[in-house]
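Okay, so we've got the same protein chain twice, two forms, each given alone as structure tokens, structure 1 and structure 2.
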Structure 1
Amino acid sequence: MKSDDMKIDKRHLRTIRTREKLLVAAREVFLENDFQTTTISQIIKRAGVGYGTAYVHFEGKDELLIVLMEDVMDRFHQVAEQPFEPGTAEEAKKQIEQQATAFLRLAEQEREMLRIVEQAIGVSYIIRAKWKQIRERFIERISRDVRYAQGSGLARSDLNPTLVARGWFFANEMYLFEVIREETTASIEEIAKTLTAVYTTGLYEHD
């Protein structure tokens, strides 16, 4: 390897390590405090990097939280992106309930980080806009599943797939935040079963 190439590789490695240090520090400081009281200075100090170096990677705490939020939500997207090719309405209902259960279980597992996200949505336009993007990605995926079910003759064809998907996602989102806040007295399984029954009865039961 040429000397110049080695220098580039080392520089690239330092960049990756610095970015990772900042993200680890940001997660720790956010969880110790909350979004509003956390400052970028606290994060930089915890990471042990220079201010100039830190600002090369992130302009502020909002950008750091967006990366952390994307990492968490990627796990939710893995649930949503599971293949959906049911042969019967009953198969569809079963898979939808399994996905709803997994979605809420993840909310339970990621409760602490998602609490920070919820705080940030309320006070940061940047985070709110990012959450909207995340939401729309889920809605588009659900819309594709609805269109598949309609095209297979399993679901009602007179309903708008996007409107159906939005309704389904918003119902799940509401319970996601209730789980995060520990406001619900029902079990994850009961919530998922009830949500699925209400959703699929309207979509899948038709003449």
Structure 2
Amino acid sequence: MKSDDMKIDKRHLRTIRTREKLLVAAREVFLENDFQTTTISQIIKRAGVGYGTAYVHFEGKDELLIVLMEDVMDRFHQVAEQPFEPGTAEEAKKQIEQQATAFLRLAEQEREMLRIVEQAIGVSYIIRAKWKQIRERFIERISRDVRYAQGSGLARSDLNPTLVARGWFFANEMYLFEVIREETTASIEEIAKTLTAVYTTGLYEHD
């Protein structure tokens, strides 16, 4: 029994090690360069394995990155699933701003990996699809929140919740990429505050 497992493990171990070596190398090479300019040759060289080996373990560059993305994805999903049950409009506003901040902060923390992901989104169909998953999960979640706020009389009911949710998420997403590219001058707090203010109470004065 024990020796049986050991033997199976020994063989699997090599596989796992090789896979791991490839992932470590891939992360390094991706981060040192771009997604586009990174080649399989660079990765296998760094990993110290043969060329064909990469294709035994992964379908190509794309899949390598997808596996590397997984941790980051999980963290995004966590942010998406934060509870939202405000009693008043003020509370809602506060919670929304907090979530926007958390979203942008995550971008800041995972900047390096997300820089690569953004590049890959442009090039790789499969990674674009993966990102879309995250997006749709957020949007679905936000739609629920909008419906909740409408149901409890906090939010106006004349607007399609899904359309509202998409618009709100899109603004946040684009700022996310600006944060990743370090293109933004304002602080995350100010961005979140501004977006939330417009989203919840609008830009124009009302009496």
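Along the sequence of structure 1, residues get numbers from 1 upward. Superpose the two forms; the largest set of C-alphas matching within 1.5 Å is the rigid core. On a predicted model such as this, the values are computed, not experimentally measured, just so you know.
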Quick check: structure 1 or structure 2 for the form predicted on its own? 1
Classify Arg166 as shifted (yes) or not shifted (no) between structure 1 and structure 2, where shifted means its C-alpha moves by 2 Å or more with the rigid core superposed. no
Examine Thr194 after superposing the rigid core and state whether its CA is displaced by 2 Å or more between structure 1 and structure 2. no
Report, in Å with one decimal, the C-alpha displacement of Phe58 between structure 1 and structure 2 after core superposition. 3.3
